[in-house]
Every structure is written in structure tokens, then in C-alpha cells.
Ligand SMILES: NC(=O)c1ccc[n+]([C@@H]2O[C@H](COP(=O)([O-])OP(=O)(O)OC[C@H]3O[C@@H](n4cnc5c(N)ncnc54)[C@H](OP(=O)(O)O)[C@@H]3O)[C@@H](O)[C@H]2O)c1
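Below you'll find only one chain, the form predicted alone, shown as C-alpha cells.
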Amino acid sequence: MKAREARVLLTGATGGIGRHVAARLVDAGASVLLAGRSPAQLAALARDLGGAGRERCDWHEVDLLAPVSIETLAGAAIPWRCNVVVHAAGAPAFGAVSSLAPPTVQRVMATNLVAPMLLTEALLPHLGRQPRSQVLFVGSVLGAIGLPGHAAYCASKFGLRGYAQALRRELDGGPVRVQYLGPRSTRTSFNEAAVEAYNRATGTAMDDPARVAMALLRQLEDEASERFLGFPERLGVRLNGAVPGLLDRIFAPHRRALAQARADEVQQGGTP
């Protein structure tokens, strides 16, 4: 679908990636319904994107941890004539499994997996009535590669990728196109200082969010089912799918970096 034909419901619109995605879509001619938790930030972003010569931006507050709020968002997107849904909202979870509190695990699974499922299912009847429509899940390369220090996050993104794949096959032949975009680590406030230190220690590259936004626009328009960003991450996705045992050995530096970070935290008075 060409961007100028798209009326996009964008969750996580005020996030580090979401802002760049919103700007890229509007610049390409799309109309965008911005969704997020902060009315003030949403209104400001809509004003920034709604200048002369641009398609109109609208916004809607949503709490993705509340099913009723998700239903309300779907109810607003339908009369707005949404024909594309971009799931860009997400929650982080970094650290050794032994350090992850149950509320953190529950929040990351609810935000990254359950909420996109519920919103998609609420909108599917409407999307199915459109001549053409698309659902694009912004996942992660960690939806295809299990990485030490990211177990809960990986679980949420593996689940999201599996859902997208199954839904794509279920809806094949109909008007709804289902897609999955897997960025690698991205330079936004989504990553806490500990993640950036871990990335430096392991030589993990980080992309600018503008690159992710450009990739998303391209995928919207070329309708590719699945795309992963970055090298060697794309190679890692292939290897992990074919010979996962090989990557078990490759990630030894990541295990060591995670163990060292945990030891430093305990030495500085953190919870063992």
C-alpha cells in the first residue's frame, strides 16, 4: 500500500521509534492516528506533524495494560477509517532472569504481546471489510534470537512474531496483510544505561531510530511479510533458525558481560 493511501493507527507514537515513524509516514503522505499514554505529548506531536501541506494527524489516549482502553481505541479507529495498524508500543526488560521481578515480567508480556493481540483482534472485522489493509508489528531481532540478559523481552517478541506468522497464514488470500519488522538495538530512551553498557561490552551495534522509520515505511509500501535490520543480526536470525546450537557458543561474551554486570551490581549494594 502506498503511504498516501494509508490511514495508520500508530501505537507507541510518542516513543523514541514511534515519533520518527509518525514523522516519516506523514512526510510520505499518510494520515496518522497517534496513540499513547500522554495526552499532552500526543497533542504536541500532532501539532508538530500537522503543518501546512501535510495530512491531518489526530490522536487518542490509550493504556495498553487495560483491555477496556484498548477496546475504546479500536472504537475510535474504526470511524476514523483506519486501514493500517502499526504496533510500535513496547516495554523493556533487561537483566539476569534471577533479577527480574514478577511485575516486570507481567508488564513486558502484557505490553509487547497481549495488547497487540487484543487490539488486532478488535480491529480485524473492520480491517477485513477494507479493500486492502495491513497490520504491521514492530518486533525485534530478539523475536528470532534468544539473547542472554533479555529473556523476558525475547519471550514477548518471540510470541509476537509467532502470532504475526500464524495470523498471516490464517488470513492469507484475504484483504488483510500481516507483517513483522525486527529492528536491532536502537538509540532511544527505551534502553537504560545498563543496556547501553552491555551493548558496548559485547560490541552490539545500535541503529538510529530514523533508520527504523525508513525501513518501516519501505515495508508498508512493498508489503514484505517479514524483515530484520542490521548485519550480522540478519545472519544471526538465519543461523538461529537453522543451527541454534552454533549461536549458543557465539554468545559466550554476552554471558560473561551479563555476569560481570550482575557482580558489579551486587558489589555496589544491589540485590543478589
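Sequential numbering from 1, following the sequence displayed. Everything numeric here is computed off the predicted structure, so don't read it as measured data.
What comes next is about the form predicted in complex with the named molecule, which is not displayed.
J.: Using a 4.5 Å heavy atom cut-off, are 159, 161 and 236 all in contact with the named molecule in the model of the complex?
T.: Per the other structure, none of 159, 161 and 236 touch the named molecule.
J.: Against the named molecule in the model of the complex, would residue 184 count as a contact residue? Criterion: heavy atoms within 4.5 Å.
T.: Flag for residue 184 set to yes.
J.: Is it the case that residue 213, even though its partner is missing from this view, gets within 4.5 Å of the named molecule in the model of the complex, heavy atoms only?
T.: No, residue 213 stays farther than 4.5 Å from the named molecule in the model of the complex.
J.: Would residue 190 count as a contact of the named molecule in the model of the complex, using a 4.5 angstroms cut-off between non-hydrogen atoms?
T.: Looking in the model of the complex, residue contacts with the named molecule include residue 190, since a heavy atom lies within 4.5 Å.
J.: Heavy atoms within 4.5 Å of the named molecule in the model of the complex: does residue 90 have any?
T.: Output for residue 90 is yes: heavy atoms within 4.5 Å of the named molecule.
J.: Which one, 30, 64, 33, 49, lies within 4.5 Å of the named molecule in the model of the complex by heavy atoms?
T.: Selected residue: 64.
J.: Looking at 122 to 130, 150 to 158, 170 to 178, 94 to 102, which stretch has residues with any non-hydrogen atom within 4.5 Å of the named molecule in the model of the complex?
T.: Of the options given, it is 150 to 158.
J.: Can you name the residues of 136 to 158 that have a non-hydrogen atom within 4.5 angstroms of the named molecule in the model of the complex?
T.: Contacting residues: 138, 139, 140, 153, 157.
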